[in-house]
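Next up: a single chain in structure tokens, the form predicted on its own.
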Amino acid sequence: MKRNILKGLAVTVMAATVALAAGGAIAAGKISGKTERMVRSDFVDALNGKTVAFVPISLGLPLSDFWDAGIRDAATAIGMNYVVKDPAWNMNAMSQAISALISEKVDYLVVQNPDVQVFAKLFRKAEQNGTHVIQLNMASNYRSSGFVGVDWVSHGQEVGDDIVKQCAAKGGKVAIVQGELTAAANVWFNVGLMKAFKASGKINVVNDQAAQWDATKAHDITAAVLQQHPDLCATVGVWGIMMMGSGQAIKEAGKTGEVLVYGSGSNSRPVCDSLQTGILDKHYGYDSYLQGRDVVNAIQAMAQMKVEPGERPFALYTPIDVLAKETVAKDDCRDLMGKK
């Protein structure tokens, strides 16, 4: 009898608790509904009609085309205006495009910076003029409102550690193919790479040359290195598309799978194809379409917090996926802009 009374009391207490919780939820719903309207209103006021402009080094590459699509899709979805200027590898045209956008007082300027110094003064001028500058994947010596991209030092060290594991017991001969010597991605990737090599004490860098992001130059550099060092263990560079040239030279020398080829960059279809055919052995990839979306996420936060250009610089670092020829799958790479 006592057990039944206690059981009934427990059920009554539980029912009362549920009722109170439900009432609280309804009340909270009214409050959160009002708050939601306020948040939405502030969001729209902060972003609607504002302009974001993108200046890559060049369109027509998977990396920059995915950025373009990612920024465009995310920005227009929230009511922003979107502008892109394509300098097509011409640094004078790039400088002119940036200067014009500063004069137009665009709200947000996104730049794939080709050099640590060349546009630093322009970025400072832009922010003094009221435009937030977000540097995409490659930073300059001027620390602007935001950076979205790869943590290059950590990334280079991760790649270097893997090369050490593969090559330390095989003579340790490694060739580095640099991109552009003064590009931040190239500079800091190689800092991380050498940090890993020096820590091991078992890697011998037998060649270190710049190919200026050109696959043909990477091919020729690698072919020459193989003639001098037929016992080369690996070659590595910061951009996978460039490193496909190195992989082709290794294939022509009959050393595919024997001399390892490492690259990094956007997870575009040519990368997966090159892994599957053995032109690349490992590719440390990132989704540049989603990087474009991260740019707009950063803009959303800055706009709602009402920070002044350059007032509170920050970085959003991109996660890295390691793609290997033994495990790469079709859906690891993007076929079209914004689509798997």
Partner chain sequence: MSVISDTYLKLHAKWSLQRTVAELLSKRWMEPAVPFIMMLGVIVFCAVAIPNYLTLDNLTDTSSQFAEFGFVVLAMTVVLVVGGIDLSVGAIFAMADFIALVLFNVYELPIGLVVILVLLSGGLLGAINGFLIGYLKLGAFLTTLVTLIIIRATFDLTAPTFAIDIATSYNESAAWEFLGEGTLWGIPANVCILMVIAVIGHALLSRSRPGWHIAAIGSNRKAARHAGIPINRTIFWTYVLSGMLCSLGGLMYAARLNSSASNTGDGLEVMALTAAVLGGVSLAGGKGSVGRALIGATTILVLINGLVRLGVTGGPTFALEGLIMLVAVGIDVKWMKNKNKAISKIYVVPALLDLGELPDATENSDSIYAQNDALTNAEPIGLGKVDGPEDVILDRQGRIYTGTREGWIMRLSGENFEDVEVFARIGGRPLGLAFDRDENLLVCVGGMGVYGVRPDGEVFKVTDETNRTRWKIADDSRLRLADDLDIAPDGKIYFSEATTRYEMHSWAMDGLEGRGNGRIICHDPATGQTRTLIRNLMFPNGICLAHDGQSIFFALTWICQIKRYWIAGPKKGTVETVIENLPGNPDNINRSSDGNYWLAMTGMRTPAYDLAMRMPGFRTRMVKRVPPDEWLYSNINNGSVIKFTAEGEVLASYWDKSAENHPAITSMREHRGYLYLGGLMNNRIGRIPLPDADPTWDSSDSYWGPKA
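None of the values given here were measured: they were computed from a predicted structure. Numbering follows the first chain given and starts at 1.
There is another form of this protein, the form predicted together with the partner chain, and it is not shown here; the text below is about that form.
> Determine whether any heavy atom of D162 comes within 4.5 Å of a heavy atom of the partner chain in the predicted complex, and answer yes or no.
No, D162 is distant from the partner.
> Heavy atoms within 4.5 Å of the partner chain in the predicted complex: does K121 have any?
Close contact exists here: in the predicted complex, K121 approaches the partner chain to within 4.5 Å, heavy atoms only.
> Considering non-hydrogen atoms and a 4.5 Å limit, does the partner chain approach P114 in the predicted complex?
Taking the distances in the predicted complex, the answer for P114 is yes, it comes within 4.5 Å of the partner chain.
> Closest heavy atom of K105 to the partner chain in the predicted complex, within 4.5 Å or not?
Although the partner chain is absent here, K105 would touch it in the predicted complex, with heavy atoms inside 4.5 Å.
> Work out which of the listed stretches, 145-153, 192-200, 255-263, 178-186, brings a heavy atom within 4.5 angstroms of the partner chain in the predicted complex.
After filtering at 4.5 Å, what remains is 178-186.
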